[in-house]
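Single chain ahead, written as structure tokens, the form predicted on its own.
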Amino acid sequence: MSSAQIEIQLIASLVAIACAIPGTFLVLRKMALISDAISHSILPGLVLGFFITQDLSSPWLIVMAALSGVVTVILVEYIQKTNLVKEDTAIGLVFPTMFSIGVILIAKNANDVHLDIDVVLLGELAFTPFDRMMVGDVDLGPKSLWVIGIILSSTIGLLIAFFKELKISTFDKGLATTLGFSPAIIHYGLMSVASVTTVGAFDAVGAILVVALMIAPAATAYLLTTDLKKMLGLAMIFGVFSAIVGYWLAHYLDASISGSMTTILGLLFLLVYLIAPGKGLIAVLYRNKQQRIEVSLLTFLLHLNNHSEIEERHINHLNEHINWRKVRAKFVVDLALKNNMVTIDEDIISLTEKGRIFTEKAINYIISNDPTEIEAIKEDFFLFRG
């Protein structure tokens, strides 16, 4: 493995970690689309920063781009608060306008300057090892590595310093206000970090991969845990994994590095979306199936509880009265027998004492719609709710 390959993977991994931190909070705040808006709308900030400094390597470009991102968030929220349009519509109005302003400024005033829109959008990690930071004759490594390293260090420092405030304001703004700190300040601080991270990663990976690294790892981690610290850790791990595997996939296929990394992110999310223990599609489908079984069992027991006539409780009557097929009727009866809720004597089904108590609790739950009632049923009778 060459030094260039190591540097590319290291830069991609640092970008993945730097994006995962604000991305986790954006996903939890249901603001995933705002990352896409920021990634495009910071372009006029970059252009204005260049007009002021006349230097593409100036840190003022990052500052101006971050301010542009914050302005985008403010505009989106202002439009949304009018209640005339929803948040997604507000985002769709603001970020194309901001991005278009940046494109016009480049086209009219910076045609002879290397502000390549395609590179901004797509990025090219393969070129990062060639843009070196030199101090005299000393080579300090790729410039992108230093930029994203400084941003990541700052982001981690801010996360440690304001973790409690971020956590509380994300889940309970009212409690945050009661405790004496402003959720709005935390919010705009988070948006500023997201903006700075996006700008810092522009040169290396481009806007498309920045959005993917900000949202996909966090969304994948969200399906696996409800613990914030674990979610942050998993998002970082998924981001780094996708960055490294994506690089080698691109190397093997001779394809776009950013495109390959984004593909791995998508495949990883799809895999977790299918098999996640609690929130995955397979688990949800299985849980829904088991809940349908519970409903069938409740229907069967309520039928027995409401009818004392022998002909209504005959095993063959299930197909006629409840309109069940024989296979389903047999399954429900076997389940009731297994849970010791019914007895069968000469094809006549009767509730046991346990079945009668269960039915009474079920009726109480139906009447009161009290979640504690169903919890008591679950604990007492070990039915198949997840």
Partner chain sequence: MCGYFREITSINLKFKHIDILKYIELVFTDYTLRTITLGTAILGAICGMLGSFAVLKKQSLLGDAISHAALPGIAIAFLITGTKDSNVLLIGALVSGLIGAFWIRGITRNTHLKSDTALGLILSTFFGFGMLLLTYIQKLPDANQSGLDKFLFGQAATLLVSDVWFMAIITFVCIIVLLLFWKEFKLLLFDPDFTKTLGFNTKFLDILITSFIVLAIVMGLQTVGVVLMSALLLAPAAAARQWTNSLRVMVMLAAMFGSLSGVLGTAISSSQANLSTGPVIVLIAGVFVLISFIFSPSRGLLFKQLRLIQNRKDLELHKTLTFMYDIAKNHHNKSHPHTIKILNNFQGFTKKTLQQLEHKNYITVEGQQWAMTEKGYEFAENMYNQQMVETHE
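Each form is matched to the other, and the largest set of C-alpha atoms that superpose within 1.5 Å is called the rigid core. Note that the coordinates shown come from a computational prediction; the quantities given were computed from them, not determined experimentally. Numbering follows the first chain given and starts at 1.
Another form exists, predicted together with its partner chain; not displayed. Remarks below refer to it.
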{"query": "Which of 345-353, 62-70, 44-52, 24-32 sits within 4.5 Å of its partner chain in the predicted bound form, heavy atom basis", "finding": "24-32"}
{"query": "Its partner chain contact in the predicted bound form: L190, any heavy atom under 4.5 Å", "finding": "no"}
{"query": "G141: touches its partner chain in the predicted bound form, heavy atom cutoff 4.5 angstroms", "finding": "no"}
{"query": "Non-hydrogen atom contact S308 with its partner chain in the predicted bound form at 4.5 angstroms", "finding": "no"}
{"query": "Distance check, D137 to its partner chain in the predicted bound form, heavy atom within 4.5 Å", "finding": "no"}
{"query": "The single option of A243, A201, A194, A212 touching its partner chain in the predicted bound form, heavy atom within 4.5 Å", "finding": "A212"}
{"query": "Stretch 66-89 - residues with a heavy atom within 4.5 Å of its partner chain in the predicted bound form", "finding": "Y78, I79, T82, N83, L84, V85, K86, D88, T89"}
{"query": "Post core alignment: T226 C-alpha displaced by 2 Å or more between this form and the one not shown", "finding": "no"}
{"query": "C-alpha of R132 moved at least 2 Å between this form and the one not shown on rigid core", "finding": "no"}
{"query": "Yes/no, V85 Cα shift of 2 Å or more between this form and the one not shown with rigid core fixed", "finding": "yes"}
{"query": "Distance direction in the predicted bound form for the C-alpha atoms of N83 and D172, relative to the displayed form (3 angstroms or more)", "finding": "farther"}
